[in-house]
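Shown below, as structure tokens, is a lone chain in the form predicted on its own; questions about how it binds or moves come after it.
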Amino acid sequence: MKDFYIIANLKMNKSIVESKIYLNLLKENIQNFNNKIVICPSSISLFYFANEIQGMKLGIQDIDHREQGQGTGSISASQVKDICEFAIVGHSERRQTFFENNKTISEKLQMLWKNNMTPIFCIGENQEVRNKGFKAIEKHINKQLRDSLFEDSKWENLLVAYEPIWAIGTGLSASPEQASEVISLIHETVKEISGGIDVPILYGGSVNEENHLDFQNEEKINGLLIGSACLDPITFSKIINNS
């Protein structure tokens, strides 16, 4: 049986003091460690989480595409590899706000693998592409995958997260059937690029306490990347405990 991942992206939330309160409440309320739990806090709280996370894994929300040096305000994989096992790359918020493209994201993937970290590689379509139908979605997803991944990618150290942009932070979640349709496509495309290797594919996009099991029960979905619903430690612990 494959591991099932439950990943929290806390985004630009929680001060250091709030992070301490959050993690203490989360640890007090989690009872189910059957799945792999990964917490991705704001970078200011990484060191605290690294020392206190107990039974969970730690991820960073983004890394630079370069090794070190002239990158004011950025954090490199080599700087956090000793405390972080995972890193989110290619999130739509990075693509849209910071104009990151597939080439830059591919460079980030290579940098993470060089430093023995596991990328949580985000892809997904916007509402305009979705409205054009499945062929347009297929073309969009294929380009994101084929521009960023190559035959010699470290497939054993890769998670792909399907996050339809129209469902991120909007409260409009894709249906489990919609998610599975695209995730099945991602599985097959990754197998083509890799020469037959299958990797875990996650779903993210307005996942919450009410709908998380609907996605988890889909055979092709190997994990969840959760945003807003993970900000409250009690709610997030309920999602974890019910999984």
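So that there is no doubt, residue numbering starts at 1 and follows the sequence shown. The structure presented is a predicted model; accordingly, all values stated were derived computationally and were not measured.
Just so you know, the form predicted together with 1,3-dihydroxyacetonephosphate exists too; it's not on screen, but the next bit is about it.
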Interface check vs 1,3-dihydroxyacetonephosphate in the predicted complex: of Met117, Val80, Ile168, Leu159, the one with a heavy atom inside 4.5 Å is Ile168
Even though 1,3-dihydroxyacetonephosphate is not shown here, does Gln216 get within 4.5 Å of it in the predicted complex, heavy atoms only? no
Answer yes if any heavy atom of Leu202 is within 4.5 Å of a heavy atom of 1,3-dihydroxyacetonephosphate in the predicted complex; otherwise answer no. no
Do Lys11 and 1,3-dihydroxyacetonephosphate come within 4.5 Å of each other in the predicted complex, heavy atoms counted? yes
Against 1,3-dihydroxyacetonephosphate in the predicted complex, would Ser228 count as a contact residue? Criterion: heavy atoms within 4.5 Å. yes
Given a 4.5 Å cut-off on heavy atoms, tell me which of 181-189, 205-213, 50-58, 25-33 is the interface stretch with 1,3-dihydroxyacetonephosphate in the predicted complex. 205-213
Would you mind checking 144-164 for residues with a heavy atom within 4.5 Å of 1,3-dihydroxyacetonephosphate in the predicted complex? Glu163
